[in-house]
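Next comes just one chain, in structure tokens: the form predicted on its own.
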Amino acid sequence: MSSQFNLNQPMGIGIISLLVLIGSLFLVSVSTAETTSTGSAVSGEQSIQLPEPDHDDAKSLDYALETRRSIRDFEDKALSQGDLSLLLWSGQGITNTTSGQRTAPSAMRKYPLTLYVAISDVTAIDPGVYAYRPADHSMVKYLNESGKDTVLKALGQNQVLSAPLTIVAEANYTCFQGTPMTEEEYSRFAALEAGHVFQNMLLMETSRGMAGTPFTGFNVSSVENALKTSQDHHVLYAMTAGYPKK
């Protein structure tokens, strides 16, 4: 029997079949959304719900702007989940649930960036690489600890070996398809957005007694291979985060 819908079927049976098909597609899409960020997350891993950002204990923006410095030596001290929550929220957190607008501006609200968090020492979170999901302020496991070590090695910076975490920004250029833009334009827009995102996170670090260094001095192809990115996904930027050594 053909799997195509038979327009000569009784209407009731046709509607029931259609509803079953729609329901099946919906369940598949929900399952996929819950286990992946960019289509390549570790299969079957549950997401980690981050705590709500605590905005009550921060120094002024003036203080953060004046005292922010690039720091490469860190205390042997774990970051808390609250620290991590604030950093990721400041970079890509949603500030308007109706429009989906975030803490950093994005050309045409395309939001091409994914923040990958290479965790070495965060309280109660296993080491590995996690993808941040702004929609529900959570993370999903992307690579295990050995995968994380491969990413850190590819970044080639000694600071990542002592930092509790390293954040890598990857841009998915497919979201710009169908727009009247050249590849040079949307790659430039994504790079500018990464700059906005990382400055937000650097200032948040400073306001909470943390520090780190943004950097692009790495072999892009090596990092993309370590992250197992697809052809249309490109690594742009990275930064460390931790408590500065006194």
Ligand SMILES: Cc1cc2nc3c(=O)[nH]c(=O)nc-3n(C[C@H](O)[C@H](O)[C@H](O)COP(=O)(O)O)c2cc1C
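We number the residues from 1 along the sequence you see. Keep in mind it's a predicted model, so treat the numbers as computed, not measured.
As for the form predicted in complex with this ligand, it is not shown, yet the points below apply to it.
Query raised in the report: Considering 157, 144, 123, 101, which brings a non-hydrogen atom within 4.5 Å of this ligand in the model of the complex?
Result: Looking at 157, 144, 123, 101 one by one, just 157 meets the 4.5 Å heavy-atom criterion.
Report task. Note which of 59, 68, 196, 188 lies within 4.5 Å of this ligand in the model of the complex, where distance is taken over heavy atoms; exactly one does. Result -> Contact with this ligand in the model of the complex is made by 68 alone.
Query raised in the report: All three of 72, 213 and 217 touching this ligand in the model of the complex at 4.5 Å, heavy atom to heavy atom?
Result: Yes, the whole trio is in contact, each within 4.5 Å by some heavy atom.
Query raised in the report: Heavy atoms within 4.5 Å of this ligand in the model of the complex: which of the stretches 102-110, 134-142, 157-165, 86-94 has them?
Result: That would be stretch 157-165.
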